[in-house]
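Have a look below at one chain only, the form predicted on its own, in C-alpha cells format.
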Amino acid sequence: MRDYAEKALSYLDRREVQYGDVRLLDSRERNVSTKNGLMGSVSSDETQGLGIRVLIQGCWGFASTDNLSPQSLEQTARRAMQIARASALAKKSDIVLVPEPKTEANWSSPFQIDPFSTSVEDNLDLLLRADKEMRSVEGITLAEGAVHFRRSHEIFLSTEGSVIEQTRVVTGGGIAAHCFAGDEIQKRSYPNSFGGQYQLKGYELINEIRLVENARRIAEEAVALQRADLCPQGKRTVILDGSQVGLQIHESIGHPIELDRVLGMEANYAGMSFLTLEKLRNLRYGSDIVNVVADARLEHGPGLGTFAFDDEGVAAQCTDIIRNGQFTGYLTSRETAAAIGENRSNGAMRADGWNRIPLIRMTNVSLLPGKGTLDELIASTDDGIYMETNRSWSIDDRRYHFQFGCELGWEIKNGKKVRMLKNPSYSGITTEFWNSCDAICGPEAWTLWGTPNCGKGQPSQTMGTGHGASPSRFRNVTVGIAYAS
C-alpha cells in the first residue's frame, strides 16, 4: 500500500506546492443488529482509497480516488493542484502552517480479541440472547440490539518527509428496550443510548459490558417508567450519570472549542461558537473543581479520540481546556494554530475517510475525576434529581443555550432515592451550568464514553469522539418535563 502513497506524492510539482500530504486508507466494517427475536441486519463493508491535499499560493486543494492505478493517481494529484490554484483566485489571505517535525512511525491500537475473528453467527447469538431476556419482561413491545466493528489502516506521507502508518480497531455495542402503552413510549438503553458504548478495543469490550446480564434489568425499568410520576419542574439540584455528563461535555465544551468554528471557517453544520478569541484565558468557564482536557494519547484510555498521530501527522497530545474553572485552550490544526499565534498544533485534525479533507475534530475531551462514589454523592444530597442516559438534546448554534432530556430520573430526599421519575429534562446556559458544578465523583466512577456519531462539515463527516466523565452534581438547575405524558 505504501507504494501507492509514494507514487501519488511523487506526482506533486515541488516547484509549485508549498506543502502536500497523501492519506491512503484501507478499512473494514461489520454491523450486526437484531429486533424482536429476529435478525435485523448484517452488513460488511470494505473500502480503500487515497486523498491528496496540497497548499499552493496560500490555498488548499484536495482530491481523492479509489482507483490506485498510476494514471488515476497522477490525475488526482493534478486535480488537487488545479483546485488549489482556482481557490487562490478568491483568497482573502494566505494560509500559513505552524511547523511540525518530520516523523517516521508505525503504530497499532492494542486489543485482546480481534472482533473480526468472531463469527456473524456468534454475534447474532449473543444479541438474540439479550433480546430474549428483554422480551421476557411483560410489557416490552420492542427489543433491539447491535454490535459494530471497524478496523482501519492508514498511511500518511507528506512533502516534509513524514511517513506514518496507523492501525485502529474500534468495537461498539448496546441494547434497548421499548415499552409502548396508551399513547406513550418509554425506552431504556444499555450501556448508553444511540448505539451503546464504543471504545478503541477488540471484542473484549462486548464481553465487558455484559449485554445479556443487564437485559432484564433495563427492560424492567422501561416498563416501570410507564407507571412512574412525571419529573417535577423548577430549580433543583441535579446529579447526572457519567454518560450524560459525557454528552454535556460533547455539546457544551467539545464543539465550542473547535477553533475552526470560532474563526468562522466552519458554520454551516451546527453553527459556530460563543468562545471568541478574547475569552481565551479570560473566561470563568466552570467552578474551581472543573478540569477538562483534550487528550488523544493512549495513556488517557481507549477512546474513540485516541490515536498516535492526527491526519496532519501531528503527534497525539494532552491539552488543558479548562483548568480550575478557567478556559485555557482550543482544539487546533496547523493552520488555525498559526492564526492565533500558537507555535504548534495540538493535533486535532481528522477525516472520516479517504475521500474527505481533514477537519478539526474532538479527540477525548474529558472531565477529570474528583472524589468519592455515586452512592456517596447521592447520600450527601438532601433534595435533588438523579438523571440517567440521554434521550434527546438541543443546543443553539453558538453552543450556549441548551436543553437535554434523559431516559430515567430518580428523586432524591435526605440522601436516598425515593421514587422513579419519567421524562426528566434540564436546561441552562453553558457557563452558568458548569459554574454550578459542586461535586464530581472519583476515578472509580470515571468511564471513557464513546460517541460514534458526531457530525461535522460539508460534505458531512461522521467521526467518533471520546468523553471521560464521572457522575457529577449541579446546583440550582432548571428542571422540566421533556415529553408530556
Partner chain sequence: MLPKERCQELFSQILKHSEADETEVLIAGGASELTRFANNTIHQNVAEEGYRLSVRTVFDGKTARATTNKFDAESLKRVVAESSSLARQQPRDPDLLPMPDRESYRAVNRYSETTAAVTPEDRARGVVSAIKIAEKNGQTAAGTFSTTRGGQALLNSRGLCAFYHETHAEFSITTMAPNSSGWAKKDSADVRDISPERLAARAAEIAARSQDPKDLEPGKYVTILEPAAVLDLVGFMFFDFSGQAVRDKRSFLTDRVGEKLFGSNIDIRDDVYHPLQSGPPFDGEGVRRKQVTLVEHGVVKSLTYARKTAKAMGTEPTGHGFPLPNEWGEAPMNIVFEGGKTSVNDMISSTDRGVLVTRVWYIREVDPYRKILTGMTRDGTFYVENGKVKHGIRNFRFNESLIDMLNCVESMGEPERASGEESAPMIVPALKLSSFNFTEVTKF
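Numbering follows the first chain given and starts at 1. From a predicted model like this one, the values you see are computed outputs, not experimental measurements.
What comes next is about the form predicted in complex with its partner chain, which does not appear here.
- Segments offered: 290 to 298, 369 to 377, 310 to 318, 82 to 90. Contacting its partner chain in the predicted bound form at heavy atom distances within 4.5 Å is 82 to 90.
- The closest heavy atom approach of residue 164 to its partner chain in the predicted bound form falls outside 4.5 Å.
- By the criterion of a heavy atom within 4.5 Å, residue 357 is counted among the residues contacting its partner chain in the predicted bound form.
- Using a 4.5 angstroms threshold between heavy atoms, residue 208 stays clear of its partner chain in the predicted bound form.
- For the chain shown alone, residue 69 is not a contact residue for its partner chain in the predicted bound form, no non-hydrogen atom being within 4.5 angstroms.
- Contact with its partner chain in the predicted bound form, judged by any heavy atom within 4.5 Å, is made by just one of 276, 136, 141, 112: 141.
- The partner is absent here, but in the predicted bound form a heavy atom of 401, alone among 132, 401, 150, 153, sits within 4.5 Å of its partner chain.
- Contact annotation for 208 to 229: no residue has a non-hydrogen atom within 4.5 angstroms of its partner chain in the predicted bound form.
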